[in-house]
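One chain comes next, on its own, written out as structure tokens in the form predicted alone.
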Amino acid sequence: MSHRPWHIAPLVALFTILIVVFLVARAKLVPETFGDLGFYRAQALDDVSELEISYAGMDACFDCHDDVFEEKSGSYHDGLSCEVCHGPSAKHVDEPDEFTPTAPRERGYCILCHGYNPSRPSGFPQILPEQHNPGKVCMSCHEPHNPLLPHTPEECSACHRDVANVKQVSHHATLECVTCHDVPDAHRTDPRNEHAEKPIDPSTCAKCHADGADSSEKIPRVDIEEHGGRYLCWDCHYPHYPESK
């Protein structure tokens, strides 16, 4: 006489309960229109369409402010939507005499993008607000729609703040950037099209760190031919903070 394993019946009962719970929950919790347009709630389209429109879009601004369009076109702020700085402007477009967009004048607003943040890419203009013309509003020197610098930057830190912050606490703090980088004059006024050149072989580091280099300073010296083998210097040493490895 054969006997069924005693644990089969409880397992069947458990799975039956789970399936029933799943079907009930699906019927109660899943929206009715879910699945009509794929894995989405189709009713969401109607819900969104009923929301009040807040943003007008940059093209709507240029219909009236063609002078700003001309000034902004081709500038560093060319791709920046007007409403990033001026706020939602749909009401202003519909009733320009009744609603006026905000026009930020305070110093802190530009810093939201141009204050130093290490996550921003090198080359993006960043400042230390406490040191950069403290107390002066940004617009006193920079035209927001075409934010050209009032004069050619004298220091590379004007755009490469992340590098400057690291370099100023290293043994390379007093080393001029052009010692290692070939920087054309046009790079300071047109950095997007004229790039500074980076070293491509150990000869740049060898000028100071090779045995017999023409330098009276007491700095680390190595046999460039033997030291590091097939690796470049910056594979192991970060040039702007060479103490780290």
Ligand code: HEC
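In this text, the rigid core denotes the largest set of C-alpha atoms whose superposition between the two forms falls within 1.5 Å. For every residue, the number given is its place in the sequence shown, counted from 1. Quick caveat: nothing in here was measured; it's all calculated off a predicted structure.
The form predicted in complex with this ligand exists for this protein as well; it is not shown, and the discussion that follows is about that form.
Asks: Using heavy atoms and a 4.5 Å limit, would one call Asn117 a contact residue for this ligand in the predicted bound form?
Replies: Looking in the predicted bound form, residue contacts with this ligand do not include Asn117, since no heavy atom lies within 4.5 Å.
Asks: Using a 4.5 angstroms cut-off on non-hydrogen atoms, would Arg41 count as touching this ligand in the predicted bound form?
Replies: Taking the distances in the predicted bound form, the answer for Arg41 is no, it never comes within 4.5 Å of this ligand.
Asks: Within 4.5 Å, heavy atoms only: does Pro220 come near this ligand in the predicted bound form?
Replies: Heavy-atom contact with this ligand at 4.5 Å: present for Pro220.
Asks: Report whether the minimum heavy atom distance between Val84 and this ligand in the predicted bound form is within 4.5 Å.
Replies: Residue-level check for Val84: yes, a contact with this ligand.
Asks: Scan 70 to 101 and write down, in order along the chain, each residue with a heavy atom lying within 4.5 Å of this ligand in the predicted bound form.
Replies: The stretch 70 to 101, when checked against this ligand in the predicted bound form, contributes Lys72, Tyr76, His77, Leu80, Ser81, Cys82, Glu83, Val84, Cys85, His86, Ser89, His92, Val93, Pro96, Asp97, Thr100, Pro101 at the 4.5 Å heavy-atom cut-off.
Asks: How about Cys159 - superposed on the rigid core, does its CA move between the shown form and the other one by 2 Å or more?
Replies: Comparing the forms between the shown form and the other one, which are aligned on their rigid core, Cys159 does shift its C-alpha by 2 Å or more.
Asks: Aligning on the rigid core, do we see the C-alpha of Thr174 shift 2 angstroms or more between the shown form and the other one?
Replies: Yes; Thr174 is a residue whose C-alpha shifts (by 2 Å or more) between the shown form and the other one when the cores are overlaid.
Asks: Indicate whether Tyr231 shows a C-alpha shift of 2 Å or more between the shown form and the other one, with the rigid core used for the fit.
Replies: Yes; that C-alpha moves by at least 2 Å between the shown form and the other one.
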